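What follows is one chain in structure tokens, specifically the form predicted on its own.
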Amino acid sequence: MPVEWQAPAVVLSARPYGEGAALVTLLTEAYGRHAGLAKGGASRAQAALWQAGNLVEARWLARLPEQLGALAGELVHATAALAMEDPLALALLSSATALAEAALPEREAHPAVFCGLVSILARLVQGPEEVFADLVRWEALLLAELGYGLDLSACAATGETRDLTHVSPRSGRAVSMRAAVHYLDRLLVLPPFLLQEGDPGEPQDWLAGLRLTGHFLEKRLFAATHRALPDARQRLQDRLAAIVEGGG
């Protein structure tokens, strides 16, 4: 008996496959990171549908659960097209989708990661400045979901819960300024917005946040499987660094 599902999904990637088809990878709330073969997906008629970052209503069908299966979909929100005119927005979109595809296990549900990504992509049309802090929070959530969460609740050295300004690159625990003062060159900066939900932060804070989550993504999550951080993620950090440091 055929196996099928229909669900809202984020397109993570689409690659040409065979005669005009596309191998599409999606992220769904209930089915996790899930691939399927979209017949005609590489055609001019469908290419815009399967752009990374788009929100779609996806339908997947296979004879057996373990098969690749056939995929069809309808466009819900054309995130990719809306971000195309803004290089920073496009870099943010590319980073988030590449990171989700590379980090998440296949067919393993992570509803909070899905919902967080949908929220970011849905609001990206307002400008990357509106979602950058939430992107960093989403990366921290991704780390936590996969077992590499940061502990920002109290200082690792003193137990203080106030004036937390840094994070230990080894333990992932917060450090207060009082404890950090003699070790600033060895610690990662903790941007204030990560301690205050709803705080939009400033560009220099976003960069500190990307450097913080990027360290643990690279040294913990991806190092565990001997892989590198996705190039798109590094390009986003480099682009933001150029803006913050006055180079672009």
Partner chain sequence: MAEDPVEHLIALLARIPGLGRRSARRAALRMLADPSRLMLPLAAALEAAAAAVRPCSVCGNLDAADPCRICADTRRERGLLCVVEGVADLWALERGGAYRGLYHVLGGVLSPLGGVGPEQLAVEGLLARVAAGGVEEVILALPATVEGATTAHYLSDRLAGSGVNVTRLAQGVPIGGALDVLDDGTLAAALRARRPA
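Fair warning: this is a prediction, and the values are worked out from it, not measured in the lab. Residue numbers count along the first chain shown, from 1.
Omitted from view is the form predicted in complex with its partner chain, to which the following refers.
Location of its partner chain contact in the predicted complex, chosen stretch of 160-168, 70-78, 105-113, 143-151 [non-hydrogen atom, 4.5 Å]: Heavy-atom contact with the partner occurs in 70-78.
Contacting member of Ala156, Leu82, Val118, Met177, with respect to its partner chain in the predicted complex [4.5 Å, heavy atom]: If I apply the 4.5 Å criterion carefully, the residue I get is Leu82.
One residue of Val56, Leu212, Ala52, Leu194 in contact with its partner chain, assessed in the predicted complex (non-hydrogen atom, 4.5 angstroms): Looking at the other structure, the residue within range turns out to be Ala52.
Heavy atom distance at most 4.5 Å to its partner chain in the predicted complex, all of Gly32, Ala100 and Leu217: Checked in the predicted complex: no contact with its partner chain for any of the three.
Proximity of Ala223 to its partner chain in the predicted complex, heavy atoms at 4.5 Å: No, no contact at 4.5 Å.
Exercise: Leu93 in contact with its partner chain in the predicted complex, heavy atom 4.5 Å: The answer is yes: Leu93 has a heavy atom within 4.5 Å of its partner chain.
Any non-hydrogen atom of Ala21 within 4.5 angstroms of its partner chain in the predicted complex: Looking in the predicted complex, residue contacts with its partner chain do not include Ala21, since no heavy atom lies within 4.5 Å.
Close approach of Arg235 to its partner chain in the predicted complex, 4.5 Å, heavy atom: Output for Arg235 is yes: heavy atoms within 4.5 Å of its partner chain.
Partner contacts in the predicted complex for 104-127 (non-hydrogen atom within 4.5 angstroms of its partner chain): The one in contact is Val125.
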